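Read the single chain below, which is given as structure tokens and is the form predicted alone.
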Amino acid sequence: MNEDAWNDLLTAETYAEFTRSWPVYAHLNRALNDTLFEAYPDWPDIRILDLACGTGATAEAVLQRLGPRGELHCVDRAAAMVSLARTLLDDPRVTFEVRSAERLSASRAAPFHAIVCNAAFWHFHGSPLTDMARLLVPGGSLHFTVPATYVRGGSVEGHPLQAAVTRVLAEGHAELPGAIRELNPTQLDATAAMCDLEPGRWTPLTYRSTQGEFMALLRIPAMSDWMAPGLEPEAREALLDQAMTDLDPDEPVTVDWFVVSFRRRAGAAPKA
């Protein structure tokens, strides 16, 4: 995936409009919030990191349940996304930073009670679980969402538009690389054991919508770049038009997700 594709004003504005107009991110954020605040009921005053914050949809949801003296630090590697998020979220509990997950871990940032990451964890390089463990207080927790299609042993069926794009790519652009990085729960648990995290909890989540929502999602420039890396914008638009030709926007679609949680052991020693 072209990481710079997200650092684009058109992508940021299109993405923000999508999160306002379609319910998938609200659905995921509710589930993420419920999991996060299980351990911190009653309007907690805690310090939270929103990783890959985008234009602030997850942050907006977290703020609805964060206590008046809580802190929410929003981080994204794309300056365009952070810039727009700053204009959309005016709240004294929020701070923003343009930084990658990998660089944040090395920055010796103040530790967090919780870290949330909505629909982005599989994009990170290196060992994101290890990086995030370093940023958690003992007893702190990491929570992220991931489609089951990106998880080893999960559902192997994607929605019809994803299948159509894959077919068009195979027929006309077989030379392009794939863009999906699979998450392996067994491997993640092995990594967790080495960095004072308890085994992951994978909670199934089902999202039901229509094909029209996924058509709109792939009209976000960075999303189409992710599905068809290496193509020029005009070629990606043509590919999407071709893939959508025989699809019904009103067709019901079901997508399986997981809400994943890792907790740092309460007696864990401070990380160097």
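A residue's number is simply how far along the shown sequence it sits, counting from 1. Here the structure is a predicted model, which is why all the values come from computation and not from measurement.
Just so it is clear, the following notes concern the form predicted in complex with a small molecule, a form of the same protein that is not shown.
*Asks:* Test of understanding: in the predicted bound form, would Tyr25 fall inside 4.5 Å of the small molecule by heavy atoms?
*Replies:* Tyr25: yes, in contact with the small molecule in the predicted bound form.
*Asks:* Even though the partner isn't displayed, in the predicted bound form is Phe124 close enough to the small molecule, meaning a heavy atom within 4.5 Å?
*Replies:* Residue-level check for Phe124: yes, a contact with the small molecule.
*Asks:* Quick one: is Leu49 in contact with the small molecule in the predicted bound form, heavy atoms, 4.5 Å cut-off?
*Replies:* Leu49: no contact with the small molecule in the predicted bound form.
*Asks:* Just checking whether Asp91 would be counted as a contact of the small molecule in the predicted bound form - the rule being heavy atoms within 4.5 angstroms.
*Replies:* The answer is no: Asp91 has no heavy atom within 4.5 Å of the small molecule.
*Asks:* From the candidate stretches 83 to 91, 192 to 200, 115 to 123, 133 to 141, select the single one in contact with the small molecule in the predicted bound form, where contact means a heavy atom within 4.5 Å.
*Replies:* It is the stretch 115 to 123.
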